[in-house]
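As a starting point, one isolated chain is supplied in structure tokens, in the form predicted alone.
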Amino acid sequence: MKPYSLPTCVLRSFLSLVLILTSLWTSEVIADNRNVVIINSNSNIPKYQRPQQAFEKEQSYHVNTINLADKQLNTKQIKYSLQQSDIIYAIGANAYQLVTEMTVDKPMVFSTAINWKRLPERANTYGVSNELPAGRQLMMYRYLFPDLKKIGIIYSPQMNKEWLEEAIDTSKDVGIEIISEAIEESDELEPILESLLGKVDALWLISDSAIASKNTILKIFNTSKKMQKPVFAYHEVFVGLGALLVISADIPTISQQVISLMDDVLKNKTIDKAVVFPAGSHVILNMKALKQSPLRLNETALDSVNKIVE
């Protein structure tokens, strides 16, 4: 009797499966052995703490963390830790800035850096921007509030000139007119704000250092409330101040994007775009503010809202 032998096609399939499994196992081992240093601008603050927590929950690397709010750390310790890494994850603009100043020759992925385009350029840098695409937000505004025709923006030309130009260009496609007012100093705010609110249906509060102080934000919300003009904002903290709508980047999705970028960098894959927009968003609707707003809500659009605040 002849010894039994596997058909060639079956043998090839078996060998292919072995190679795939071996490759996956090797990839996982490589990932487990990679050293990632997370350098966090301040992990005591929720907006920086949450991205780190989401990343640590999903990643498969060996992770060391540096909290720049830790007063016991010194520059030599930080630089040594960064030099021992295979890749750096910088959370926040201060972390990005410090890595750049130290000129550590390691690839870096960043997130949660507001207005990242103003930061100094650095080789081997990749990231997920903090800002959602303007067009995506405008489409949601129009979907939820179909009567919305004009929306106002206060901005600093130094920080957001290019972003505003893109937003204005996109707004034409959704039938919303953007009326903008430039501001350099917070003491210019009051007359500019009152004039702007008189021309628009709502105010779009964007992330901008010229209007980032607590007093400035309070003035914006107080004046908007007095003039019965709703405010659309970018962070859930503004709901407590009376924002009608908040559209923010989804943190778990950003963490997945950061991990994907890291994997591609460490495997020397071609990366088409070094810095990408957040892939997911989180929408909060404030029903209390809606009752005080002249805008009509498209109730059939409520399935697009992640959270309703009564």
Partner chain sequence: MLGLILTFCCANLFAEADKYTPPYKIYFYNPESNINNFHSLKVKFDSYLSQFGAFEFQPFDKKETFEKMLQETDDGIFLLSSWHYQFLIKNNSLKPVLVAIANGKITQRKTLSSTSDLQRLEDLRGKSITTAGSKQYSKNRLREIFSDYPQELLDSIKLVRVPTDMDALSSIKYGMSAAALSSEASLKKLNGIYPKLYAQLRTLGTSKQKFLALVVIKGHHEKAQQLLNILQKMSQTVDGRNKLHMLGLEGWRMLTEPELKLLNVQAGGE
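Keep in mind it's a predicted model, so treat the numbers as computed, not measured. Numbering follows the first chain given and starts at 1.
The next section is about a form of this same protein that is not shown, the form predicted in complex with its partner chain.
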**OP:** Answer with yes or no whether residue 35 is in contact with its partner chain in the predicted bound form, where contact means some heavy atom within 4.5 Å.
**Re:** no
Original post:
Is residue 269 close enough to touch its partner chain in the predicted bound form, meaning at least one heavy atom pair within 4.5 Å?
Top reply: yes
**OP:** Report yes if any heavy atom of residue 279 sits within 4.5 Å of a heavy atom of its partner chain in the predicted bound form; otherwise report no.
**Re:** yes
**OP:** Using the partner position in the predicted bound form, report whether residue 260 sits within 4.5 Å of its partner chain, counting heavy atoms only.
**Re:** yes
**OP:** Spot the stretch among 66-74, 39-47, 261-269, 238-246 with residues whose non-hydrogen atoms come within 4.5 Å of its partner chain in the predicted bound form.
**Re:** 261-269
Original post:
At 4.5 angstroms, heavy atoms only, are 118, 188 and 213 all close to its partner chain in the predicted bound form?
Top reply: no
Original post:
Which of the residues spanning 101-136 lie within 4.5 Å of its partner chain in the predicted bound form, based on heavy atoms?
Top reply: 133, 135, 136
